[in-house]
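One chain comes next, on its own, written out as structure tokens in the form predicted on its own.
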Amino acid sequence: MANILAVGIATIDIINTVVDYPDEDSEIRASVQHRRRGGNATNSLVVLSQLGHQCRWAGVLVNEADTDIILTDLNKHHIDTHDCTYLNQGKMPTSYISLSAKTGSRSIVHYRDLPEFSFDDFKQIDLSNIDWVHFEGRNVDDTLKMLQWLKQQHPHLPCSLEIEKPRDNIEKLFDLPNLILFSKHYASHLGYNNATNFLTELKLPSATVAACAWAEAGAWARDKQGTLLHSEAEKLNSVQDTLGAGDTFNAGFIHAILQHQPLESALHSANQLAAKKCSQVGFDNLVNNTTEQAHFLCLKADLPEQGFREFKIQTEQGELALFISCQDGETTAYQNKCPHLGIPLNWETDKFYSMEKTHIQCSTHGALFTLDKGHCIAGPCVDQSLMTLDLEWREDRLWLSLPLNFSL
């Protein structure tokens, strides 16, 4: 897994759960109150840590009681804070949140009176062992200097930028990251009512990937060639807490990119994770509730009418080699691993047929497997079978589903 540094803020969130939002100039009683750590960058790091990454946070902390709440939570999730700046005076930023039990949505009032993490602070960080840097889109002038310095001193170190809110001159940052994660709020502020038009008209360098989550409409991404991709939002039986769903989506997307997943698969994985966040309160045990890994394979048009196509994908456990068997309108996925010696079945790309095209054949020792079940009928592994893998068609797109405990 990767070593990830995030630059941004941590907050104290005071969350009042109410049955429904109060009318203006009225009173309502909170059924529950929580006091916990918040902040976009640290939220994303907590999720990334649960996904198995080594995470570091660079931000500003104050020598006061609320800091203990933040550090206790970050320590619990194994977030390294030694890159932070500590101040003797000041107050940690505080967010006052009204959370609707009826809809799961929230309204937030922020209070902030604290210096931002500075470019001078950032220059002191040892980045020699870092694999990815993530920035909150705030403190525009200093963040611009950080991005420029990063590209000059570490040109091959990838970085991402979150754009949640409109800020003066924030567009100056767009030319430098490898990945920009936009919010619906930012796009809506510019007058867009959908992510498609926003990403299509967005002016970015050709090497930059952009993504934008649009709540119930799903999420979109624009690849380096300018092609738009879309993933539907996950269906939820109930919404418990949308606070931090965007930060969770960002973490899931970064994780998928680091795993070299195709963009469409990255969108789907990030949507799944964000949906799970909305279905629970807080971030604890978020990833443990995930039951499968989903990987986009190809479009229907990319498969042969009759024959095979092989793939290699990055999973949580490492690289998985597999192939799709297309026979008389049926598609079956097999792990490309002979039960005899555990080696790939084929010598040439996409070549798995026996000479008569009636069976799958291992090129090394000639074992024959049935096309429909992968059952060995002849050869050194007779009566054993190829491992079948679960496929799912979503419209004209083929996805592979793997359990989290899948073993290569």
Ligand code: FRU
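Counting begins at 1, following the sequence as shown. This one's a predicted model, so the numbers in the text were calculated from it and none came from an experiment.
Just so you know, the form predicted in complex with the named molecule exists too; it's not on screen, but the next bit is about it.
Heavy atoms within 4.5 Å of the named molecule in the predicted complex belong, among the stretches 32-40, 53-61, 351-359, 369-377, to residues of 32-40. Exactly one listed residue, out of S100, N194, S95, T208, brings a non-hydrogen atom to within 4.5 Å of the named molecule in the predicted complex: S95. The partner is absent here, but in the predicted complex a heavy atom of K165, alone among K165, K145, H77, R309, sits within 4.5 Å of the named molecule.
Interface membership of I108, defined by any non-hydrogen atom within 4.5 Å of the named molecule in the predicted complex, is confirmed. In the predicted complex, the named molecule sits within 4.5 Å of a heavy atom belonging to L243.
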